[in-house]
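Just one chain follows, in the form predicted on its own, and it is written as structure tokens.
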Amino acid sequence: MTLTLIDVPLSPFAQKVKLALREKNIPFEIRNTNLTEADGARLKANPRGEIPALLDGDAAVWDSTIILEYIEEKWPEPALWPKDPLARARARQIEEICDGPFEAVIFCTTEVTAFRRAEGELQAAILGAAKQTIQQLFAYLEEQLGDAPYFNGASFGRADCAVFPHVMNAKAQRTPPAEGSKLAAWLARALERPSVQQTLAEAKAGLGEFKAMAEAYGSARAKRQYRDFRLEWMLQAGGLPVIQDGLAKGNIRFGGLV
């Protein structure tokens, strides 16, 4: 039965799932979608309108973490989970930090750079707060990595799939791991993996979508989703005017069903 992933190549959540599928050598097809446009198939697969969604025949599984749970249960080998229950809990915690606070700060910096939601002193303040937050996240990840080659331990696993998109996005925004750090060495190892190289190539090919996305959000034809950590981080960074402006223009939304 054919697996199809509803994808946006730049999404760290979609990248996480693609890395897991490729590390497990599970064949799948990609169906690209555009978050700035209505997509009946995407909404049918996920009532929140988010990506990714995994179509397994007539069944749809959504939310990247739930998808990874599904993949591991249906295709247990090769395992992306460590065997030890405590190590599994630790991997889940790393994934939670990356999908929550780390994704949020990258999302918000993209808002004020690529989508120009703030300029001048406000933009500088938000970007300054972002660099500080990213350094805190790097310190946490460095501690979690320890002396192991991967977050999963001896082998590349689920936690690594979760970490890679966010660390790579931070690097793309000119805040890479410190040269000579354990995290920088981990990133270099990850970049050698075929699964990572293919997923990263797809992301780079999707960079051209930013201009059209900016136009869609600027004209309120589409709405950026400010959910939980994203909203929280933007407010903490002093970005209340960004939220107020988005509400006035009608080009942001919050969580819930679409």
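Please read these numbers as outputs of a predicted model, since none were measured by experiment. Residue positions are given as counts along the sequence shown, with the first one as 1.
This protein has a second form, the form predicted in complex with a small molecule, left out of what is shown; the following refers to that one.
The candidate spot formed by F13, P52 and R253 is fully in contact with the small molecule in the predicted bound form: every one of the three has a heavy atom within 4.5 Å. Taking the partner from the other structure, the small molecule in the predicted bound form has a heavy atom within 4.5 Å of a heavy atom of L35.
Although the partner is absent from this view, T199 stays clear of the small molecule in the predicted bound form, with no non-hydrogen atom inside 4.5 angstroms. Contact check for S219: every heavy atom lies farther than 4.5 Å from the small molecule in the predicted bound form. The closest non-hydrogen atom of Q225 lies within 4.5 Å of the small molecule in the predicted bound form. The stretch that touches the small molecule in the predicted bound form, counting heavy atoms within 4.5 Å, is 64-72, out of 64-72, 23-31, 204-212, 190-198.
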